[in-house]
Each structure stands twice: as structure tokens, then as C-alpha cells.
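The chain below stands alone, shown as C-alpha cells; this is the form predicted alone.
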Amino acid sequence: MSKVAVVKWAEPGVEDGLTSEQYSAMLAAGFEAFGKPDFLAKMLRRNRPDSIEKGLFSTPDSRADVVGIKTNCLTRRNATPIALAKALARALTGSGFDENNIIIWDRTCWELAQADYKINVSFSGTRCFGTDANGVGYSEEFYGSGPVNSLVSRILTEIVSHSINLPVLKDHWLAGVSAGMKNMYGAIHNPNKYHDNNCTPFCGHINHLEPVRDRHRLTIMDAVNVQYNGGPGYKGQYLSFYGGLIISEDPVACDRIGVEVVEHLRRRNRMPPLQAAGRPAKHIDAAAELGLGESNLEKIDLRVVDVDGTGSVSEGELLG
């Protein structure tokens, strides 16, 4: 069975967002929910390539274990929180990874900058840049999985050995939800070619591209404030506090739980289900059919925990 951990902040007063320290407590609880407090380090070591050539922009003494953190900065007011990215980077360095071998990235430097990320392409500190940064760009080779072929960011094809997906859970006017798999549209040069039929099966095709599939290690989905309608562009009137992170090694199972959260918030706010709204999140089942993960709720091992300001962890409810 595929395992998914949902961690919810149990104290009030954080509707405007969480601090890096609060996110760190949630990440620790989420990794513990997988049964291993050092889950992050073990998960990456288990998937370490036997050998990898020194990647573009690699530090002079590094060869492998460069970790890419893929954000979602398409809209400034609903971007991957900097506090979450910092908490994850801190967890990685605490697990033994060199700070400069951690790369926070997205499609463009502009998108990162307008979400208040600081661009850094130096050999000091956690790096942060887009595919459009000087010397990066897209692969020379086209990759395919289905009828469309794409160039893939060289961040995935040449720079990183591990990819952690850090999306924001939100409604999407075509796909139903924009979650982890939809976030990888920002890794290719032609995302406009993958939107027909509610993005089905095209969302799965992107995540089945060899560099995306083979580098993927973990999805950590921000679901603290979830936009349940009108997405993916920001519409504050449809924003609802959920207070959670959804964590899984399985990208399909992670998104499947995300759909449950969005549908719950839509019901709570007297909105019709996504199916009735004409945009079912059917791309998730299609991705499962490609072998990318599990979409059947009965085959997902779900653990929900609450965390408070003291770091205490207790059993929680997904839709409570």
C-alpha cells in the first residue's frame, strides 16, 4: 500500500501562514508518521544513484546527492511559502546534505523573485534559480510519454540527483485540482500542449517523463490555506484555512488525498463537487494507470496527525 501522512497545525491564530519553525515541527511529525524519525535521509539514501556525473553548477567537491526542491510560484499570493522551503532545506542539511547542494527552483527566476525568493546561483548557501537562469535552460533531447514530446529543465536532467516536489494545493479550472503532479508542468518547455480533456491523461504523461519520474523522491504539499475554487490564479474569496501538509513518496496517492481535502472545503462552503462543476480530477486515475502510483483510497495507508506549539503530536482527522 502507498503511505500518505497528513500533518495539521492544531493551534489557532495562524491563518495568515506558518513560520519556518512551525513548518519544521510539522515536517518532523510527518516524517515520524512514516515510522522513521530519520525518514528523509533514509529515503534519499535508498534512492541514491550508483553513479552520477558532476552536474551543471555542482560544487567542485560534489558528485551526487544534489537535491532539487520544485516550488510553485505561478501566483505571488498563493506560492509555495518561503517558510516551508526554508524548513525543508534545514531538514536536509540536518540529515547531512551540503547546503549548496540544495536547489530551490521553478520555471523562471522572475516567478521565484516575485514570490520573494532570493535568487542565488553562487557556491555559497542554498541555491535558488529558475530554468531560465544563465547556463541552465532545457534539455537538448526531447522526452516523451504519450503523443506530446517535451524538452525538460536541465535542473532535472543534469543538475539534481533527487527531486522533492513542493506544490500548493489549490483548485484548477481545467484539471479540478492543481497539486503535486500538476506542479511538474513547470518543468517542461511546452505545458500548453498538455491541457486537453481536463489535463487527462497528459498530467500523468508529464510525470511519466523519464527525468521527472526517475528523480522524484517525495511530495510535500502545502495545504495550510487552500483555494477551493477559481484557481489556479489567486482569488482570496475562495481561500479556506485547512492547516495541513500532505506528504508521500507516491505522487498519485498524495494528489488523491489532496482531492479529498478540496472536495471537503467545497462542501463546507456550499460549492458543487468538481464532477458537477465540469472539471473532475480524472487525471489522477489516469496517472495511476500509467503505474505512477495508487489512486484507490482503499489502497492508501493514511495517517493523520495534529501538531501543537509545543511539538506534541496526536491523532487527527483528515476532514475534521
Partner chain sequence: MNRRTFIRCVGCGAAAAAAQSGLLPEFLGGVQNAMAFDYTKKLSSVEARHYKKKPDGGIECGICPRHCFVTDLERGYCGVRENRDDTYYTLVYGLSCAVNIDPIEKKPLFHFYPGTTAFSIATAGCNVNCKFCQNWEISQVRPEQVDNLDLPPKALVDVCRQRKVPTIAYTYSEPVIFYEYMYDTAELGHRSGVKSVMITGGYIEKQPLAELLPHLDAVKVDLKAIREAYYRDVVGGELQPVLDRLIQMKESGVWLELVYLVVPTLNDTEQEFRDLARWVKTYLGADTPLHFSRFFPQYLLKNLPPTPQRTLETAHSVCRAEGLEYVYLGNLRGHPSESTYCPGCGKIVVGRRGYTIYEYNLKGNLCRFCEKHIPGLF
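Since the structure is predicted, the reported quantities are computational estimates derived from the model, not experimental observations. Residue numbers count along the first chain shown, from 1.
Form predicted together with the partner chain: not shown, discussed below.
Undergrad: Applying a 4.5 Å heavy atom distance criterion, does residue 162 contact the partner chain in the predicted bound form?
TA: Residue 162 lies outside the contact set for the partner chain.
Undergrad: Please tell me whether any heavy atom belonging to residue 193 falls inside 4.5 Å of a heavy atom of the partner chain, as the geometry stands in the predicted bound form.
TA: Judged by the heavy-atom cut-off of 4.5 Å, residue 193 is in contact with the partner chain in the predicted bound form.
Undergrad: Do residue 197 and the partner chain share at least one heavy atom pair within 4.5 Å in the predicted bound form?
TA: Output for residue 197 is no: heavy atoms all beyond 4.5 Å of the partner chain.
Undergrad: With heavy atoms only and a cut-off of 4.5 Å, decide whether residue 97 touches the partner chain in the predicted bound form.
TA: No, no contact at 4.5 Å.
Undergrad: The chain here is shown without the partner chain. Which stretch in 217-225, 107-115, 203-211, 244-252 comes within 4.5 angstroms of it in the predicted bound form, by heavy atom distance?
TA: Within 4.5 Å of the partner lies stretch 107-115.
Undergrad: With the partner left out here, if you bring back the partner chain in the predicted bound form, are 120, 140 and 189 all within 4.5 Å of it by some heavy atom?
TA: Yes, the whole trio is in contact, each within 4.5 Å by some heavy atom.
Undergrad: Could you run down 297-320 and flag each residue that has a heavy atom within 4.5 Å of the partner chain in the predicted bound form?
TA: Residues within 4.5 Å: none in this stretch.
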